[in-house]
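For reference, the chain that follows is the form predicted on its own, supplied as structure tokens.
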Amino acid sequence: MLQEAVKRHLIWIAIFLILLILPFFIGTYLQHIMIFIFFYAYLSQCWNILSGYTGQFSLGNAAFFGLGAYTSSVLFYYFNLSPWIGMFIGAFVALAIGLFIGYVSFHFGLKEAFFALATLAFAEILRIMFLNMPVMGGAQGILIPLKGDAPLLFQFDGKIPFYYISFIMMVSSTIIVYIIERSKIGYYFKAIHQNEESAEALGVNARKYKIYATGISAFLTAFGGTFYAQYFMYIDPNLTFGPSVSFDIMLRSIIGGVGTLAGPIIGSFILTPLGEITREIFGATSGIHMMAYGAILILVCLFMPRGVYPWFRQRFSKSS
């Protein structure tokens, strides 16, 4: 048993070291794909905190993503405030909205499909609000001022800095989830997921901890919004608050394994390259990548209902 644990740790260390040196051996297109693998693994890990561990299925993480993107971008556009600072302000804005959404939803006892629809509705409300706010660029969005190679303004000449930032984000979110998973609050989250009524009977304040999970997920997701804005140098309400953002985020966890530490990462390594390849091949045909995602989701639901990572882990444990 100890040897197996050592072997697993050595494999993860080897993968970590390979990913550290990888950008120097691949071209810019593959760097872009790797950036988005890390980026979506990060966002999916944030979603996993709320939906995977506490079981509160969210369809509206685009709300927190968009708030992070717009807060840092607006502060940079109008006040020349560095996005490195703006991203933290955006995270606290998203935290406040997340706590509000959580409080309202759980105060009125929304669960399962009703909570999912409520989060989707909040994201749509924000999307429509920003579409009709000229100060936020309206439907045209915000074109972020280009300052050249300016690391202090979150702008770089080339993709390698973005590669390492997205990699650090993915690793950091995984460490945060690892810590949560093994802490008292993590055990409370899991208890709520397994059986909320039983958890409350044992003294767990389910509503409070579900609100905590919503706030943590919102706070961390907002950082991804700032990264997206600075990477593409353009945002608009549909790109940042649209339903497709939430679906892109949650599908990685569902495919990889909801409520697992490695699930969002594995799901992102499966879906993100597939999405980029289908966009490259069928660029003129909108929505092909979502059709591919749907096909994979159907296959996973049929043959690996708990996700790819739990399925492989179960088979590996049986074979050993």
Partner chain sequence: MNWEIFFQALTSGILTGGLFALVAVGLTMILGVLKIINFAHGEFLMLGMYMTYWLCTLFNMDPYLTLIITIPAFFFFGVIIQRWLINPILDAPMEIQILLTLGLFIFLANLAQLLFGPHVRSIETAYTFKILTIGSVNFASTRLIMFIFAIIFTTALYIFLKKTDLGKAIRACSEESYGAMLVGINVKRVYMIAFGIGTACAAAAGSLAMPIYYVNPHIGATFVMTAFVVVVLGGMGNFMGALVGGFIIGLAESFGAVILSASLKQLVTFTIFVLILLLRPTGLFGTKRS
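Numbering follows the first chain given and starts at 1. Nothing here was measured: the structure is a model prediction, and the numbers come from that model.
Quick note: we don't show the form predicted together with the partner chain, though the next part is all about it.
Among 120, 191, 185, 176, which has at least one heavy atom within 4.5 Å of the partner chain in the predicted complex?
Spelling it out, the residue with a heavy atom inside the cut-off is 120.
Only one of 150, 85, 129, 202 has a non-hydrogen atom within 4.5 angstroms of the partner chain in the predicted complex; which is it?
The residue in contact is 129.
Indicate whether the partner chain has at least one heavy atom within 4.5 Å of a heavy atom of residue 207 in the predicted complex.
No.
Is residue 21 part of the interface with the partner chain in the predicted complex - any heavy atom within 4.5 Å?
Flag for residue 21 set to no.
Check whether residue 247 has any heavy atom within 4.5 Å of a heavy atom of the partner chain in the predicted complex, and answer yes or no.
Yes, residue 247 lies within 4.5 Å of the partner chain in the predicted complex.
Since only the chain is shown here, I'm wondering whether residue 301 would be in contact with the partner chain in the predicted complex (any heavy atom pair within 4.5 Å).
Contact with the partner chain, yes.
Only one of 77-85, 217-225, 106-114, 90-98 gets a heavy atom within 4.5 Å of the partner chain in the predicted complex; which is it?
Only one stretch passes the 4.5 Å heavy-atom test: 106-114.
Within 4.5 Å of the partner chain in the predicted complex, which residues of 243-266 have a heavy atom? Give them in sequence order, or say none.
Sequence-ordered list: 247, 250, 251, 254, 255, 258.
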